[in-house]
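Quick heads-up: it's one chain on its own, the form predicted alone, in structure tokens.
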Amino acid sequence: MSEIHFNKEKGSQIKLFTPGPVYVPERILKEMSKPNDTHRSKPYAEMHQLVEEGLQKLLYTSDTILISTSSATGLMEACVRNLVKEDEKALFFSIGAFGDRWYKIGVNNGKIAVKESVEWGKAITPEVAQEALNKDKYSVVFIQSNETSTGVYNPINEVIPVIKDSGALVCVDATSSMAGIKVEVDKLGIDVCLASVQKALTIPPGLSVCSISSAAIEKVPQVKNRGFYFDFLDLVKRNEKHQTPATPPIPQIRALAAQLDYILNHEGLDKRFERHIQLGKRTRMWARDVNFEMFPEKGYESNTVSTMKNSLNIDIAKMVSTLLDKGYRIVNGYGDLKNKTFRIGHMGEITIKELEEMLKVLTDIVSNLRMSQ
């Protein structure tokens, strides 16, 4: 098998079916190559405002939109540092590696952090949420909408109302679902809904975004030791001028402005969400036909990333590397799930036709690996 190396002249020629970063179309890359003015200029502010307005439409919200020069993990930490006071308790729901990461962020920042988790592959249901909330009083609750490591989608439309009834603020990590799965921020009363751009938003990494409610903004001044780089008050203040506190990756923001225009005015939100539903269904059909079991509990499978059990007991690493030789990249299981599962990302600008072409190649590879057992 050949090795894939850094391509200095042409860039990567691999078609990505990964949970992120995802394959970026040429039209987005061309936007990033355009010249830009400085981040304190009027042209930049106009572009920044376009991103704010586009994200408000995408998230069905009138809340303030913040842009951060970081991965989503940065905004996850910002939520912890800005919204949890020293004497308050924070509840972290976890269904996988990134739920565990958010809890670890809480612990490492010295917060009174409580983790409520379920077996990987299962979801946080309203019943699980209510049972956890009955145990104590929490000021803020943290939850993933889509757990990238397990391919599970939490039923947030049913869970968040339970959380809000407790009086807590709720922060949602929508990193691998924003722009792929419909999230109605205002309807649900989400206080912070965050994501990075290298997944369903289809922009190269380096940027994260969030909506933030007035209730969350009002609480921030009550919290001490918020840090400097991710101080929500500073971000909000600069945002009033459609700027960021520090120099942002302007090419990514230009690309995001163009991509939001494409999503809203060319593909359309309903069609985009429906396409991701069909991508999820098609991948699950393939898994069934090839006799792979889905890792998520039935009914909670993600429509942006599918995680399959290694129920055929084949060499997952070899399967992934052989597919790479054919020009496609999928990924092994995450962390402790390595070789026990594998993941196929089907988010962003991936079409059903492109997915079908990759799955056809993957089917032959799986068949050959089974024959060699």
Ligand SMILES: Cc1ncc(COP(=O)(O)O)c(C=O)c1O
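The first residue of the shown sequence is 1; numbering continues from there. Since the model is a prediction, treat every value here as computed from it, not as a measurement.
What comes next is about the form predicted in complex with this ligand, which is not displayed.
Engineer: Select from the listed residues 73, 125, 117, 109 the one whose heavy atoms reach within 4.5 Å of this ligand in the model of the complex.
Structural biologist: That would be 73.
Engineer: This ligand isn't shown here, but in the model of the complex which of 182, 242, 101, 226 has a heavy atom within 4.5 Å of it?
Structural biologist: It is 101 that has a heavy atom within 4.5 Å of the partner.
Engineer: Using heavy atoms and a 4.5 Å limit, would one call residue 303 a contact residue for this ligand in the model of the complex?
Structural biologist: Contact with this ligand, no.
Engineer: Wondering, does residue 283 line up within 4.5 Å of this ligand in the model of the complex on heavy atoms?
Structural biologist: Contact check for residue 283: no, nothing within 4.5 Å of this ligand in the model of the complex.
Engineer: Indicate whether this ligand has at least one heavy atom within 4.5 Å of a heavy atom of residue 191 in the model of the complex.
Structural biologist: No, residue 191 sits far enough from this ligand in the model of the complex that none of its heavy atoms falls within 4.5 Å.
Engineer: Just to confirm, residue 259 within 4.5 Å of this ligand in the model of the complex by heavy atoms?
Structural biologist: So residue 259 does not count as contacting this ligand.
Engineer: Choose from 79 to 87, 169 to 177, 250 to 258, 129 to 137 the stretch whose residues reach within 4.5 Å of this ligand in the model of the complex, heavy atoms counted.
Structural biologist: Among the candidates, contact is made by 169 to 177.
Engineer: Any residue of 186 to 210 with a heavy atom within 4.5 Å of this ligand in the model of the complex counts; write them all down in order.
Structural biologist: The stretch touches the partner through 196, 198, 199.
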